[in-house]
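A single chain, nothing else alongside it, follows as structure tokens in the form predicted on its own.
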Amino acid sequence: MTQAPATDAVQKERSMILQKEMIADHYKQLEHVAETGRKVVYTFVPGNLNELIRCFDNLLPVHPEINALQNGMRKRTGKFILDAEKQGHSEDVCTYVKADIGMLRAGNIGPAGTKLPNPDLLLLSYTGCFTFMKWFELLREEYKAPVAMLHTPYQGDGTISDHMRNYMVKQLREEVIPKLEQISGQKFDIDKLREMLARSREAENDLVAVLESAKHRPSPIDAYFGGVYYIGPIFSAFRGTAGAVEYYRALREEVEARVAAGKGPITPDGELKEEKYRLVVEGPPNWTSFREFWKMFYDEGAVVVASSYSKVGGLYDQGFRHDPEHPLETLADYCFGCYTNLNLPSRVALLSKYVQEFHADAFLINSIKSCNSFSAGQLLILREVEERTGIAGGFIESDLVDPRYFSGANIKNRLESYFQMIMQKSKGAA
């Protein structure tokens, strides 16, 4: 995912300004590909091969789900989704898909207000979400573009074998890299890939330091709502670039300064002064009412100290780093480790670990109506995490970018009741 949502009301620090400039420059480059002769690769956030794409100088990545969430922030996706449904797409289909198809049919004007270029290649690095495959089938029909698929074996038993890794590397060598060479007109340079991976590793170290900072009291960050800003560059078009290294260095410095000063996270209405509840959250956020949704938490003094969504593009906090010494193997391992490619026991273990290590007193699931990759099994996850950690879980429901499935009053009532229960349990324990 997940690039930073657009909201001018958020208090701007240097890292936010850097990210805004990076995103604006990227869309500007996409706008002018006809003049520059650059080629465009559409791909997804989880398991994306950004370093491999960008080691070809004239290739630019586009992430359809980021376009959908950015349009959701701008209140545009409701009409796109209705238009897609009129064309025969079911109400139960992922709303990212319908928002993308609706945008395409409306002229393919992207979140920046300029027309997005058609893909020269659809690069599908499948990581646990079956919808991605169907999505690219639809885009192949629309754009008549070639497809390169990198199939990532599911971690059914929670482990990665040498056989699985070798299977991935073979695909990279025989399927993906030849397609990238063909559309770019350039030969693959493994040394350039190593340089990109080294920059990725540097940025990943700083991102992990930022995420781990939430173990402090008060937490200097919100790892769910604020976290979508932090993960934007590294999960999307900028991992492996010098810009990403600069961004994460600046972000880490800002967060470490907040820790030293004993400050809480920044919200759209300024700094949170009092941390009352520490939460771990499972599931993506709602984008069409993102600020309203966030406000329901910080108005109650609730801070998310860890979330599964901030791991959808990589489990860096669990030790993974891109390894320049083994460039193709490390790309495979990255894909294996994305959150949506983990089985339910692995997800339960990870979320329980977050509750314990970040000293959370609440565990909340935001169940997304149209996202099977996250929502399947969430009630089981809730009960298992409750049993392992001893804390009471909460459950709310919304959707990604369909405004019809965000009931602000209902969610607010459920959250207020949940926080009251947490408060009463805390008083009882004291």
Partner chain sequence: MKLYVGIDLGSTTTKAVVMQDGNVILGKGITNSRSNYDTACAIAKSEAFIDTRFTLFHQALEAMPGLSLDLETFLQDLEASFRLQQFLNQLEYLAEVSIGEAQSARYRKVSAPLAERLNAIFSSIAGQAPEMFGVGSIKRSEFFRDLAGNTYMRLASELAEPDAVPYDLLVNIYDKSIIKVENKLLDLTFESNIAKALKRVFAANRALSKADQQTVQRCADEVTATELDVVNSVGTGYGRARLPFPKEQIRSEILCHGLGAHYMYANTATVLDIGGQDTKAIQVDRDGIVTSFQMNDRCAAGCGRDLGYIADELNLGVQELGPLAMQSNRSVRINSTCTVFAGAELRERLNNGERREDILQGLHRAIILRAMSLLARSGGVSDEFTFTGGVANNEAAVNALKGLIEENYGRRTINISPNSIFTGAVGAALFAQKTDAPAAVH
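Model, not experiment: these values are computed from the prediction. Residue numbers count along the first chain shown, from 1.
Although it is not shown, the form predicted together with the partner chain is what the next lines describe.
For the candidate spot formed by 20, 31 and 36, no residue has a non-hydrogen atom within 4.5 angstroms of the partner chain in the predicted complex. Looking at 23-31, 399-407, 42-50, 57-65, the stretch with residues near the partner chain in the predicted complex, meaning non-hydrogen atoms within 4.5 angstroms, turns out to be 399-407. Along 17-32, not one residue places a heavy atom within 4.5 Å of the partner chain in the predicted complex.
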